[in-house]
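Next up: a single chain in structure tokens, the form predicted on its own.
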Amino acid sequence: MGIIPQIIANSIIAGAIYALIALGFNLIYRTTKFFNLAHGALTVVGGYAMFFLYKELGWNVYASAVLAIVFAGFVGYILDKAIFRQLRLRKASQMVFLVASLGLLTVIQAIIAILFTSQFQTLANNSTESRVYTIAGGIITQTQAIILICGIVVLALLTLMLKKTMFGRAVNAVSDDEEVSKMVGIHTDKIIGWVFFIGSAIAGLSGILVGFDTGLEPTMGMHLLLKGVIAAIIGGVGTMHGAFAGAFLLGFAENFGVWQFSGEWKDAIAFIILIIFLLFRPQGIFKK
């Protein structure tokens, strides 16, 4: 096994994980125009909902996954209706939205830690070995292959939804101008609520996949959120294909950077790339 093919494989898997976070984040941002930091907490909600249903109750893995994804989406929907909609009605500033979402992230992670403790958990079944595939000299597990497939499928479905459906056209209209959308008869609060549900469900899916791949911790939401937000910014905030491209660029930069330097540089490399883009191409790879 060569080192370069394995680094490429690791970069692709990391990019797929970041892409799932960035896609859900970008979908919410393009509609609401604020950085929803609570989005990271929904990855934790999805992962631990899966852990409760699959590992503690012993439910079927597929039924558990579907219910956990729906539950994460429902939690995101409730957060919008209970918190963010009220802030919109009060014409709150972007800073208020940002601080409120950060508070929600902290509270949700604390609740998860109380319910499940801060102990590291894994969704993988130790009694069975995961399949391993060798592709062009690089090794990936069955879980990692599923992560990559899910990233591609989610991107394709979101693109089709936004371009080919009436709901997608309504989302684009709200994204362009919420007030004008209201004037032409679009129920903007309903559209935003569904966007929160879909984006949060995607976050829940990413949390489940991370739980099978590397494991779960109550505080993992912030780390995943930061990487997803950086991927969204360097790819182009508000664009689906931009989020996907930015995620893979970040994944490759981190893994090749770690190979040349050390593991301690991984997060620093991500923020160095972010600063470079903010200075020289703030609109990202793809302009919305």
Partner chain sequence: MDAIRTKELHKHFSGVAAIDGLSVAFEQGKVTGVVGPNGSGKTTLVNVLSGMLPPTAGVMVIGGEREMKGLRASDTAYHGITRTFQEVRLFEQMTVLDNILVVLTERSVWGSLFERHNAGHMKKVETVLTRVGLWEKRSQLAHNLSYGQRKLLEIARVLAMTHSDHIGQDASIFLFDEPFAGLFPEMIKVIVSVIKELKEAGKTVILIEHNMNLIRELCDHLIVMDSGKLLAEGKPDHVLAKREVIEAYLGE
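This is a predicted model, so every value here is computed, not measured. Residue numbers count along the first chain shown, from 1.
There is another form of the same protein, the form predicted together with its partner chain; it is not shown, and what comes next is about it.
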query: Listed range touching its partner chain, judged in the model of the complex by heavy atoms within 4.5 Å, from 68-76, 148-156, 199-207, 174-182; finding: 174-182
query: Residue 136 within 4.5 Å of its partner chain in the model of the complex, heavy atoms; finding: no
query: Residue 116, heavy atom within 4.5 angstroms of its partner chain in the model of the complex; finding: no
query: Residues from 185-210 in contact with its partner chain (non-hydrogen atom within 4.5 Å) in the model of the complex; finding: 185, 186, 187, 190, 194
